[in-house]
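Before any questions on how it binds or moves, here is one chain, the form predicted on its own, in structure tokens.
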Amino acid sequence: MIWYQYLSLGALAVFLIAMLWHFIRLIKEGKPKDLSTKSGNLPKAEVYAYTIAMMPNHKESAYLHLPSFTAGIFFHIGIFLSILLFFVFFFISPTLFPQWLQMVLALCIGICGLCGFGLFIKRMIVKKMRELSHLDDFLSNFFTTLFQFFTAIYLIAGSFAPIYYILVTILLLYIPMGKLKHMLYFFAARFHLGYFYGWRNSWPPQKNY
């Protein structure tokens, strides 16, 4: 391995320790304490919270913004794929991939990155979104979009390896401090929603079951 790969591994270690700390905090909080009388099915509610309730037609306003919702889905797919490749690159250099695989992966991740870039621009130019946004919102979008773009570039141009690994290092160190740590808190939030509405027999809606 080269120095910038060791640098990213060091950042990965810091990231894992920090996220473990966040996870321990969540565990210490325990399950929600509800004083009302239980009337629903919690397991069904939790399944609903992580599945059907995530669909745009079951959200407050996502169904009104389907292009942005779809772009967000592709953006997240690109993030997950880029993270997977980050680990793969430690074992197999992208230069050893078949050329067709390099191009397909780079194209897919590049498209996902463009979706993220589009959402970044929308956050900047749409007044309501801009007023609701903080610096962390912009930085999180910016870093994850760059991460995808440079993953795509690294797939087809190995000479960009130092820039790629330095960017990954910055991203890994930033995640536990900013909103990107929702990659962990998302699951806790959905669990609490399922618990709250399941306890009251509001989730899942009876018409769906």
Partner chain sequence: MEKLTKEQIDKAIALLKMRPDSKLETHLNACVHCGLCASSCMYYKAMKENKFIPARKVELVASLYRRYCTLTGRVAPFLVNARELDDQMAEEMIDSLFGACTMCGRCVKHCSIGVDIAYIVHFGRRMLAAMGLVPKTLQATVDAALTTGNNMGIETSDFVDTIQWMEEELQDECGEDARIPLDETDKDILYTLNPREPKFFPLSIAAIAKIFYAAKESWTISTHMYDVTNYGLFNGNNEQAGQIAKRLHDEVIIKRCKRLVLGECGHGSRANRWEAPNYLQQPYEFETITAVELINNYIRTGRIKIDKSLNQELVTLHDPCNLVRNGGLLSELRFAVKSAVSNFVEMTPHGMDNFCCGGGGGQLAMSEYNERRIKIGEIKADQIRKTGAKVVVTPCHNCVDQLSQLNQVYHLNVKIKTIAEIVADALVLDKE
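The structure presented is a predicted model; accordingly, all values stated were derived computationally and were not measured. Positions refer to the first chain, counted from 1.
Another form exists, predicted together with its partner chain; not displayed. Remarks below refer to it.
In the predicted complex, segment of 94-102, 80-88, 107-115, 130-138 with a heavy atom within 4.5 Å of its partner chain: Selected range: 130-138.
Would you kindly say which of 47, 157, 26, 166 lies with a heavy atom within 4.5 Å of its partner chain in the predicted complex? The residue in contact is 26.
Taking heavy atoms and a 4.5 Å cut-off, does residue 63 contact its partner chain in the predicted complex? Taking the distances in the predicted complex, the answer for residue 63 is yes, it comes within 4.5 Å of its partner chain.
Wondering, does residue 11 line up within 4.5 Å of its partner chain in the predicted complex on heavy atoms? Flag for residue 11 set to no.
Can you check whether residue 189 is within 4.5 Å of its partner chain in the predicted complex, heavy atom basis? Judged by the heavy-atom cut-off of 4.5 Å, residue 189 is in contact with its partner chain in the predicted complex.
Can residue 202 be called a contact residue for its partner chain in the predicted complex at 4.5 Å between heavy atoms? The answer is yes: residue 202 has a heavy atom within 4.5 Å of its partner chain.
Of 1-36, which residues get within 4.5 Å of its partner chain in the predicted complex if you count heavy atoms? Sequence-ordered list: 25, 26, 29, 30, 31, 32, 33, 34, 35, 36.
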